[in-house]
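Quick setup: one chain, the form predicted alone, written in structure tokens, and binding and motion questions come after.
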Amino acid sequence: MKRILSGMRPTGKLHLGHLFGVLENWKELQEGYECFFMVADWHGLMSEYERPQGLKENILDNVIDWIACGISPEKAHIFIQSQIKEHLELHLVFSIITPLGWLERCPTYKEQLREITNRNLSTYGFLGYPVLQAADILLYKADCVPVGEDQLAHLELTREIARRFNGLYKKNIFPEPRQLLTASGRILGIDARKMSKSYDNCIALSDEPEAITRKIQSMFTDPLRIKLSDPGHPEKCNVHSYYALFAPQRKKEIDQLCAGSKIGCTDCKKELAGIVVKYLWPLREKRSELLKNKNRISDILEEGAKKAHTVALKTMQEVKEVIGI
């Protein structure tokens, strides 16, 4: 089986963007690939180093959500990045050979510096996080990496680092992983920006029904529709994009009612809130069961770390041999 490495940073509770953008794809991938799914806590620390207190709690909370959403420890290796020391060892080796200009050109780095103003990200570590990302992927000699289009530049940097290492030391240790562009349902935050923990515009998978309802009622709608009698423009309304994911069979009718001034935004959002709560209910029940047996989660992470360490150790032995350490 071809191998995949993917991960998430434990910087907060998982939200609908994670469900449709990542976890639904992971569920499919675990059926046909050897999957290593990593809690990327070192990556999390790079942005949360001033307030790291929640990272440990988020690790457990996130893994519970993964399993509740259908990620199976029988089909995938689930582990915590910081428990495998070889990630940092390979990161250091790669940081030595990676030209500074490669990192300064990274579009995601520039975007996050511009968008995230409540944290100081002007650090050596944050500039170099794509190098750690390359180490994560290449440590397991992943054949493929599931990415969205916004991550393609990072993956190309990983390939460049692999080529540079192999060329410098005249040894083809690292494959050049290919992108696995994943089809995902795009869902925006309640303010119509990208759903992100950094923007505080998320509906969390663990939110209570009352919180889900309150957040949906606060969502931005059609700015051109002032009165109920005004015709709506559903193609411009974020609420209607949620119907496409949660109730596609209802969306066409809702669109017609909106465009024909037959339903108001308040009633439209009230109906959507009920649909979303019902959709997430099985996940909530599974989550409640897992919370009663946290020792089981610890066992899953321990087993995943054993497998990850076996692979990582072998790779680092090869690396140290060719660099003379």
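Think of the rigid core as the biggest set of C-alphas that the two forms share within 1.5 Å after superposition. Please read all numbers here as calculations on a predicted model, not as lab measurements. Just count from 1 along the sequence shown to find any residue number.
Keep in mind the form predicted together with a small molecule is missing from the figure; the text below concerns it.
Contact check at 4.5 Å (heavy atoms) against the small molecule in the predicted complex: none of 65, 290 and 301 pass. Using a 4.5 angstroms limit between non-hydrogen atoms, residue 129 touches the small molecule in the predicted complex.
When the small molecule is considered in the predicted complex, residue 151 lines it closely, a heavy atom lying within 4.5 Å. Contact between residue 137 and the small molecule in the predicted complex is found at the 4.5 Å heavy atom cutoff. The shortest heavy atom separation between residue 157 and the small molecule in the predicted complex exceeds 4.5 Å. The stretch in contact with the small molecule in the predicted complex, judged by heavy atoms within 4.5 Å, is 140 to 148, chosen from 140 to 148, 189 to 197, 97 to 105, 203 to 211. Core-aligned CA deviation for residue 126 between the shown form and the other one: 2 Å or greater. Once both forms are fitted on their core, the CA shift for residue 218 between the shown form and the other one remains under 2 Å.
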